[in-house]
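Next comes just one chain, in structure tokens: the form predicted on its own.
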């Protein structure tokens, strides 16, 4: 299933949808859309080999957790298509990027726009922090740092079953502060698992700038030392991302470090630096000012968010 839009158009559409959502809801994950739109657009529009969605275009309500008494339970991975042996699988490790991921699903025609209106509503499966039942999600990654481990386990199982589909992970740089990430890289290297990951390296996390929480040093050299093939690129340069994805990594995981700007295409967000994790407007004056400035950056009309 391929979308007719260019990846550049998808990335712009993602930012516009997240911006509109933030204006109408007095806040949102704007910075994540700034830094990660190209990466998620590239994954869904170019890199991933996926089948057609198997779930309704308009997401249903939360259907409960898996149990013997809930035989109809399903994960949100159906928006990525069936789990067929020859198709790719994607894990979105930083669950707080969910709004950006949902907007990407809409832009590539895998979810209806009405799904975004359900974001963070009581009883909705379109969770604010993506869970295993949320659109595009297969497992719960709310504990930051488990995504690469999950992918490693799946890739190992897929290889034992003779499946040819690839296993991908979308990550964020805060995960390099978690020891489990490094264990996963070592496990992939030891078992020869060619997991592919692209990491949004925007130097931000929920508590502010990465450097103010824990200095992480040269993460590319660390990944290489732990057994990965690792390429560092400008995360807003799609040509560079494509070239990095073509890097040979026989018997090793491939980690693409996508260096990004957390206020790319929404320059007014720099006013909030380094507190960019979730931008909630402090006054109606600020909301109106951001509306005008970001709309100009994105080349659209300001959002009419009046109740």
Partner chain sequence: MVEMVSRPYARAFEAFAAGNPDILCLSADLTSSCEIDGFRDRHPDQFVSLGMAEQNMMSFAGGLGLAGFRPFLHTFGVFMYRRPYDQLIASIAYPRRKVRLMGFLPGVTTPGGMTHQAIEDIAVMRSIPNMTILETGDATEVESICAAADSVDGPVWCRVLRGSVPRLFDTPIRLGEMRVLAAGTDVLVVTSGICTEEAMRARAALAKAGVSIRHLHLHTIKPFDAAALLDHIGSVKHGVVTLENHVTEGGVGSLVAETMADAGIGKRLIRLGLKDSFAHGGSRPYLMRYYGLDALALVRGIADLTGAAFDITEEDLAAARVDEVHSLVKAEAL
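Remember, it's a predicted structure, so these values are computed and weren't measured experimentally. Residue numbers count along the first chain shown, from 1.
Absent from the display: the form predicted in complex with its partner chain. The rest refers to it.
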Would you confirm whether the three residues 175, 204 and 221 all fall within 4.5 Å of its partner chain in the predicted complex, going by non-hydrogen atoms? no
Note: its partner chain not shown here; in the predicted complex, the stretch from 151-159, 93-101, 118-126, 233-241 having heavy atoms within 4.5 Å of it is 151-159
Would you mind picking the one in 229, 105, 139, 210 that has a heavy atom within 4.5 Å of its partner chain in the predicted complex? 139
None of 52, 246, 58, 65 but one has a heavy atom within 4.5 Å of its partner chain in the predicted complex; the exception is 65
So, residue 171 and its partner chain: in the predicted complex, are they within 4.5 Å at any heavy atom pair? no
Using a 4.5 Å heavy atom cut-off, state whether residue 111 contacts its partner chain in the predicted complex. no
Indicate whether its partner chain has at least one heavy atom within 4.5 Å of a heavy atom of residue 89 in the predicted complex. yes
At 4.5 Å between heavy atoms, is residue 194 in contact with its partner chain in the predicted complex? no
Hey, which residues along 178-203 are within 4.5 angstroms of its partner chain in the predicted complex, non-hydrogen atoms only? 180, 183, 184, 186, 187, 190, 191, 193
